[in-house]
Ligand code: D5M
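Single chain ahead, by itself, as structure tokens, in the form predicted on its own.
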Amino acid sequence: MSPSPPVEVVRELTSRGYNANREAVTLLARTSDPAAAISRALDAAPEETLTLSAEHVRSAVDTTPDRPNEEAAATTTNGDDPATDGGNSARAIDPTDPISEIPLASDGASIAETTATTGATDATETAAPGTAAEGDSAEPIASDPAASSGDTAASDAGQTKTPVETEGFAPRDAAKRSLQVANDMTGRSTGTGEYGDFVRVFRDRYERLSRLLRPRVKHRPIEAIRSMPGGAEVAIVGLISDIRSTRNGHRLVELEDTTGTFPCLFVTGKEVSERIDELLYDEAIAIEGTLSDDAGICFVDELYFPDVPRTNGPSRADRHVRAALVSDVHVGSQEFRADAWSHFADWLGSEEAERVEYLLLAGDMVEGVGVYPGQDEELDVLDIYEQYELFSEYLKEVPGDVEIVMIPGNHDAVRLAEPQPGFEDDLREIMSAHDARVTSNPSLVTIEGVSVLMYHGVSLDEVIAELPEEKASYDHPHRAMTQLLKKRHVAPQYGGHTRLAPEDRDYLVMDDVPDVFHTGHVHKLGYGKHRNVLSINSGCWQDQTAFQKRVNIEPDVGYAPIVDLDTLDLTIQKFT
């Protein structure tokens, strides 16, 4: 279904770099050819005009309604045109449609979803794409019954964004917003790949994570422990340099600090040994234990992760405002769901989405080229720049007054090694719609006091491969995210599938506890809480590819998690 006339007018004005007040939009929407009317009004308006008024429109256009349904056109804020738009499968959303709102369930619970309906059709399906994190209670996902309308327009890139009111819509007020980005390493890369670079980044990792662990144990440097007598009680803070099994079935973990290495034995049968399956190479941990009689090994009694403090309390916005968290759009793929994306973009311009003022995109804007063997056969667009140009067109469908933040992913045209800097200038110029904020992967984005750690999520593959299924799996990606929160590092293991770049500091350490942890990459929807941190993996906008079929990944397509920043309640909207 095509968008309603006022929405068409707002989009056309936005694409030309103009705004209009509500009465002007209504007058333009009543004409038989709104696009032509817009052109005449802009030509007649003074050169310095950026916002069309009703007077501008009346002076250049015959405002007598000549549509058969002119009254509906003048008063409907988000209705559907009953005719199809020439085969275009993008759909506008009627605010009365039952868009799915999925309750945050405990593990194992089924989730009932109702898709949006248009015309006279209804569709209902049942799925269980996401569950609450293990061991933590989860608050229910709450809808926003009080939200009213919010389709507005903004000026083109580089101009001040001024809200535009359409008939029945309240403008999003950009003046009330605040957005800061921390940990952005774009333009700050210093790594050359030399040995000293790797020493420096691991030393930085150790120093920063050990500061989180030292208050919990009576730590002494390994150099000092080597001089202690057998039977002494010790505590060590170090990075894991090796994990191996002994002939007796015990597990030996080699810990390293800045003074040396020391072997620590996890004896089978002890309660602490049950947690060794959560360990990854190169992560920072603390242990307490007792030295053997010859003081050559430590028998481990306790294990500590840097983790989120149990007393952690999240921050909240001081007004009712919402953010949409999505990822993995994959424009350029034959399997890209343009209809679902357009459905989502239309919804952002609807009354129901009035309070959604931020859109956070966690990587993989396009499908890319040469990312995996045989990918060329699955591409709809073969040129990487053309993929970004097409993505920019879909980005323009989003209402112009929605603030957008984007980070790259492994399919994007940036370096694969993490941290990944933001897009280069040539790509930023292509993706200039809305003057989106582009930052590195990962980045800590604070919107109205609520911190969101945005990370594309390539390391989730490694966590899922290394840890037992009950600790991390593709069906429950938030469990793998919980493990990263425990380790306070988004990609702890070096030398595996996740490519890591040595910089002057470790940009992948979680110095500050985020209020929301947002990832993508695995194309699965998952959400849960760990010590009051809301973890969300936001699914994708791409149907199953031949490659995904070979590796048995069934994607969750067309979901948009919506976070209320004043309560941190979560609503899942589905657009397929």
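From 1 onward, residues are counted along the sequence shown. Bear in mind that the values here come from a model prediction, so they are computed numbers and not experimental data.
Absent from the display: the form predicted in complex with the ligand. The rest refers to it.
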Taking heavy atoms only, is Asp364 within 4.5 angstroms of the ligand in the model of the complex?
yes
Contact of Asp461 with the ligand in the model of the complex (heavy atom, 4.5 Å)
yes
Looking in the model of the complex, any heavy atom of His521 within 4.5 Å of the ligand?
yes
At the 4.5 Å heavy atom threshold, is Asn410 in contact with the ligand in the model of the complex?
yes
Of these, Asp328, Asp257, Glu283, Glu354, which has a heavy atom no more than 4.5 Å from the ligand in the model of the complex?
Asp328
Of Tyr494, Tyr474, Tyr206, Phe305, which residue is found within 4.5 angstroms of the ligand in the model of the complex when only non-hydrogen atoms are counted?
Tyr474
Within 4.5 Å of the ligand in the model of the complex, heavy atom basis, the matching stretch of 509 to 517, 52 to 60, 25 to 33, 545 to 553 is 545 to 553
